[in-house]
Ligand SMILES: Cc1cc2nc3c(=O)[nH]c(=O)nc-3n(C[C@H](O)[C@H](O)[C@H](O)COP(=O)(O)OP(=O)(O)OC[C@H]3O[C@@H](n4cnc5c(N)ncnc54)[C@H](O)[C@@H]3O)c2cc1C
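Here's a solo chain for you in structure tokens, the form predicted alone.
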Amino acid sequence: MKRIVIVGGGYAGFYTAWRLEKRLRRGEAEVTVVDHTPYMTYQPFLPEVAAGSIEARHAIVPLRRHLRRTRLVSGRATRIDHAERVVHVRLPDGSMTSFGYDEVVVTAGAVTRVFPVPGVREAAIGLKHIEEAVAIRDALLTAFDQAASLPPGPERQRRLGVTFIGGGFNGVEGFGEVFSLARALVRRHPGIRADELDFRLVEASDHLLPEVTPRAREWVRRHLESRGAKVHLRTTVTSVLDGRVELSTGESFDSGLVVWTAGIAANPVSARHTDLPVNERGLVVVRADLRVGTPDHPIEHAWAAGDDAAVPDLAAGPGAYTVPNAQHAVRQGKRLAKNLVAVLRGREPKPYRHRSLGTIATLGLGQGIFQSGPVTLTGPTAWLVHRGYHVLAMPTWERKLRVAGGWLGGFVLGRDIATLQTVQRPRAAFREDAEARRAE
């Protein structure tokens, strides 16, 4: 059998493997997925997980439940040596192994791009992984519980301060959803006033949401500010030390929660640890049919898609590349699986071509923005479109039903505002009990 190794089980990797299972004949090929996490995260739902609108487990797709004829390897790919047709993998115990292949699919995804700002590495939380979204939610809920018991002053004010760094889609959606949760928590904590909240969104460029039109960007900024948020444009964060955020404008303030959403970078395995061709940004160079290489110099038996691939955007014209989002990654994974099977059977692959369905973002419970061509929707209508689109885009009916059921339960019963921050330190209580017993 042909050996197909897929490096990465995110959007593109999961959909490639999922479609290969449906298209390959038994005995035609053996498919292996290498990823250090046992699930695919549906990242558009991370802001709603952070706000408690979606249960964390419902926003992920367990690979073993839905990839039943695929070999799953829990490990992190450290190098792709295409000259030798080998992927080197570090296993959970730290040991190294390797997997030979006939065809390799690089869908390792991107990583969070972090700048060397003092204090950020120690104090900030990202919003790219499900664990980070849960941590943000629990941190905010815990901060409100603590602030409600404190008298007005610096310590109380610091706990009610939240700063998001980065005004792209991830940052704006996360900020809008968490701000919506905070405003709802004010009603549950009578001792806290809405004007005590200090929510700030910091963006280095002169606008938010670069994917939408200038008029739509301005509407988003005004909408957030009308709800009491502070938006800092043309501003960078220069320090996040000891809970104090300092801006390039000279302004400084206390912030108990700092969330970093300032973009993504190419995965190290594709950017620096492979002999496959990469561009100046560390993205794998691919043809329109998702095979690695250029139209004049193809690299046989190598494919790539998703956030770590420079995929030509045929709908946008020469020289354009698809943006790194879920909409493209999902469709590229489907097309890659079809093309790979076609090549195995001696047929010609087809180019990836996809016209955008539009741009959509949630800004909190009941608020959003949707733009497709000349049509722009805002407010509750856009929010309903957002939910409808993403529940349909969520892979597998099992996950769709779980998400929709959670939304229905929240609509009827309201938000669940119980914090489980101690879950992140599961042995703390046990150690305290053990120390207390020893001290007797």
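When you see a residue number, it is the position in the sequence shown, counting from 1. This structure is a prediction, so every number in the text was calculated from the model and none was measured.
Omitted from view is the form predicted together with the named molecule, to which the following refers.
Student: If you check His301, Lys230, Arg76, His207 against the named molecule in the model of the complex, which one has a heavy atom within 4.5 Å?
Tutor: Only one option qualifies, and that one is Arg76.
Student: Taking the named molecule in the model of the complex as the reference, which of Gln157, Gln327, Thr238, Gln146 has a non-hydrogen atom within 4.5 Å?
Tutor: None of the others qualify; the residue that does is Gln327.
Student: Counting only non-hydrogen atoms, choose the one of 51-59, 397-405, 28-36, 370-378 that falls within 4.5 Å of the named molecule in the model of the complex.
Tutor: Result of the contact check: 28-36.
Student: Evaluate Arg415 for contact with the named molecule in the model of the complex, applying a 4.5 angstroms cut-off between non-hydrogen atoms, and reply yes or no.
Tutor: Judged by the heavy-atom cut-off of 4.5 Å, Arg415 is well away from the named molecule in the model of the complex.
Student: Even though the partner isn't displayed, in the model of the complex is Asn170 close enough to the named molecule, meaning a heavy atom within 4.5 Å?
Tutor: It does: once the named molecule is placed as it appears in the model of the complex, Asn170 has a heavy atom within 4.5 Å of it.
Student: Determine whether any heavy atom of Thr70 comes within 4.5 Å of a heavy atom of the named molecule in the model of the complex, and answer yes or no.
Tutor: Answer no; every heavy atom of Thr70 is more than 4.5 Å from the named molecule in the model of the complex.
Student: In the model of the complex, does Ile4 come within 4.5 Å of the named molecule, counting heavy atoms only?
Tutor: Ile4: no, not in contact with the named molecule in the model of the complex.
Student: Quick one: Gly109, Asp307 and His390 and the named molecule in the model of the complex, is every residue within 4.5 Å by at least one heavy atom?
Tutor: Yes, the whole candidate spot contacts the named molecule.
Student: Within 4.5 Å of the named molecule in the model of the complex, counting any non-hydrogen atom, which residues from 199-219 show up?
Tutor: Nothing in the stretch sits within 4.5 Å of the partner.
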